[in-house]
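Following this are structure 1 and structure 2, which are two forms of one protein chain, each written alone as structure tokens.
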Structure 1
């Protein structure tokens, strides 16, 4: 006990007083690599916040924290910026590469355009994780996976331990390792993928996430992160990616990248926390379209949808940035805003504004000790209506729009329909569509078909390759991977049927009539140029929304009644048959009498015996005979 405590103290000490030097030393050593891109692996720790105003008064805030530690140091249990708790788990479970996602809400691609990081940092609603494990056999891999999920569920306060064999799949085409592995496709590296669509992500997941940061959310951009704001956002995803990176020169490093992307609804976020109720504003400070002929003091055609273009950090996040994290690489500016250069942005004094060459973004450096604040004034409006696109960076259109929904109704069977729209006028899109479904959705693969909108008949030629692993009841979920293409400027409907099976009544959750969540489909768009080696890594990722599948439910209050009724029915049938088989036939007036008659006769006999002074037996016989005729 004491020894453990001592070692713990030691490690704490070493971390606190040792790493800053390292950081500074490293930063100075890497002074030549200032202008290199963020994805440079040599800088040991840096963080960056990118703010991008979106149409319809939304704001995308992407937090990115990255730290490296050399593999050798990692092997030697010498974690520097690398969170020790996580590191030990990874080592224990023999994990080569790990990706963990906590997501909430839905990305509105129609109005917000392409996803941040090309969708590489996001997951479907709930919790999603996949990892490359080092194991000799599948069983060993499963065992290690179990260890990993259990440990991580403890670490992140998420019920990851519910990722059991029915929720785990082994994707074949969808995922490629991001890090440089010596032998990525070797027999002893196993890719496992698990997803919990029903998991609700909330603050208890954020706290451990922040704990992993060197500055623990006390300083730097992480100080903005606060559960109320984060989980009030329209869309947010927390991602943890751990991968080995081997630059051409220098030794391999283990890189952990934590990122949080959130889309805030500006006017919702600007409400004071003590009074969040959106009461109707007083009539006089409503934004009205005065051009309307009927406009009057009591009649107002509202125009506030395009309003709320103005905001400041402390309005949105409730506080300014508390300095910078002392451990961060000073060469990477901590805050960037993506607005056209034409637009004015005020920053707190002491901050240096650096406009990037691409006319659409600027970054700020500011001293480590004092707070930092950004204010974006509302663009000047002509006659109340705002021309949005001049004041925002025009969101780039994504490579593909996907929308998935159920078809049919009733709790017996249904279908899944995915609408895939390719906006590009000339380029066809090739991608891998992956579903991992629960076993009680029995899908009929022979019904899978694609059709192009507006064209009669099927277009199954679009489906190029299908990998299918059918579900086994109570043991394994369905895994379906489809490699297909969507021709330019067209919409493709991908449909298949499934059957809903009824479960044992103990297998239903308490809210059985809500239905079961079906995990999001993962769509991995392959980049077009086939030149990039044999591994065609993902150009763009997106997830559909999750679905709610209603299964038929038994009556949960009935077990005893059912057992009794069914048993009775069987008993009746069996008893009837048995009687007919074993009893012998006699004429109605032959043989011994049955119950009632016998009783009556015995009574009569008694009476006879009482009154007449004669032996009772003849009397019985007599009566008996009389009755018998």
Structure 2
């Protein structure tokens, strides 16, 4: 680790730190001033909440927390804002850069537009993790990776310890380091990537996340984070990114950035807990689409989008913000909302509203000791009717749409089809498509093909490079990376076939009939405008949905049935044969007395002898008849 930290101190090249607010500025110009205000890595701690109304009665809430520590303080175990529990794990495992994701739900790109932070803080469903480790050999890197996953498993109450060799890959083209590494491509730096698509993210993962913050969840924007609201959202992701940053005029620092992004359904969030059953609104509360020609006082067509309805922080999160964290940078506005200047926004008394020059966002500063509340009323026209999407910042169109599904039928073979659509009318999209598949999905590499919908002649030039690492049964999964392009205003179908392996009956999970989760594909879009030498920087990231692979599943009740049937058959056959071999068949009057009759006769004889000694003979029962002597 000393050589690792010395490499940063002896760095001759320095780069500006990668700020997630710079990424969101590409998606929306409303965050330009926000990115400028927190891009200084010398500040020790920042936190900010960005609220963005979305179509279809949705609200995107992006929580961002960032803290720094100098490398000298980190090496001396002097932790101030950087969490000690996480720092000691990084030092013990020799981790240079770490990225961890907890995600649930599906981002609706068709309705909500581009992903927050350009997808840089997004992960696939379940748990996703990748890190750059310092090691001399691959075996040492695997050992440190195992140490890191086991330690983080206990820290975050997750099943990261199940990321074994079958769920670990070594990406070649997909991931690039975000930190300033002067020897990022050296032989002693190893990139490992693991994913658990079946992991269920819950409150047990949120609690350790909040404990890493300087103010925990007691003050500041973190006081809004409640497990009931977070995990009731339509889509949510928790991200932790740790990277070294070397500013131009200062010492290199180790930066930790924690982000939580969630898409809340406004109608469901405003529903009280004591009355959670949805009910249709009364007639006087219905929001009508006044643009319809048949709209009248007695005719109402409900609006297609209710994004302009009124809401407040207390209605959405169940509580206001409990002041500000006293350790945060006062120059950064803690709350920002992305709505046009035409919308009226009410805030708590004492709050200062600052509108950005782009006229699409505004931020609020408020006293540290006061609770903060913001209320966004529904815009209305002069006649009192609700307008539709006229006072909403239009979501930016994504660079690429991606959908993935299984093809084929049967329990022996199948296929995967990924539909990639480029919405740009004049620019092609170049990206890297990566799949991390389980070992029981054996890809037929020669079946990989890409075709343009309606233009079969352009299929030959779509795939530019393929990296394939075959699976090893019960030891290593399949790794597939494809660098390809999608022409402007085109839809490309990327397909391949695979064979399903038959597992041992002990390898099936308890819910085997549900299917096996296949991790989401990672798509890294390359930006040709930003390059250094021959390398290219990722401009946009997205994940596809996970898949469920159905394997040949045995009937686990059959062993029980076979045991019962076999035992019965053996008992009947063996019992009959045993009786034939060891028993002697005679007539009933020829056979010796045995059983109950023999015991009764003995009792009779004893009673007769006893009464004979006394000189009297009682009446005895002989063959069912009474005889007197």
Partner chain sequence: MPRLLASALSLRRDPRLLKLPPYLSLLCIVVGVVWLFLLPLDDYSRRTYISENALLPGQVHTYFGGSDQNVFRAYKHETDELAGKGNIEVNDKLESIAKGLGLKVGRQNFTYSSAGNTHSGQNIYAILQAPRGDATEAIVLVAAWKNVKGEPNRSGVPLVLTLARYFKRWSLWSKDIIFLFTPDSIAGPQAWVDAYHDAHDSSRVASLPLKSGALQGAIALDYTRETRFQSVHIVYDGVNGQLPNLDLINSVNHVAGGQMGMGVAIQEMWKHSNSYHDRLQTMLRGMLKQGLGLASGPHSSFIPYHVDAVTLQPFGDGWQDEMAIGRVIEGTFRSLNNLLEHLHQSFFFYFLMQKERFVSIGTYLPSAMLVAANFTIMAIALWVKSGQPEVQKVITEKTETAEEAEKLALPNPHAAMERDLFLPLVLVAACQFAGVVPLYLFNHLSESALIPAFVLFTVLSAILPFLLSNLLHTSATSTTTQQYHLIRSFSLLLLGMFLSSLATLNFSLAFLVGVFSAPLTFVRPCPNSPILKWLSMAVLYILSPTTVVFVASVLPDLDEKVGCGLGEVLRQAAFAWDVTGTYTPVVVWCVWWPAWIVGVVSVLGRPGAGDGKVKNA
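Just so you know, these numbers come straight off a predicted model, no measurement behind them. Between two forms, the rigid core is defined as the largest C-alpha subset superposing within 1.5 Å. Numbering follows the first chain given and starts at 1.
- The form predicted in complex with its partner chain is represented by structure 1; structure 2 is the other form.
- After superposition on the rigid core, the Cα atom of residue 559 is displaced by 2 Å or more between structures 1 and 2.
- Once both forms are fitted on their core, a CA shift of 2 Å or more is seen for residue 295 between structures 1 and 2.
- Lined up on the core, residue 568 has its CA atom moved by 17.0 Å between structures 1 and 2.
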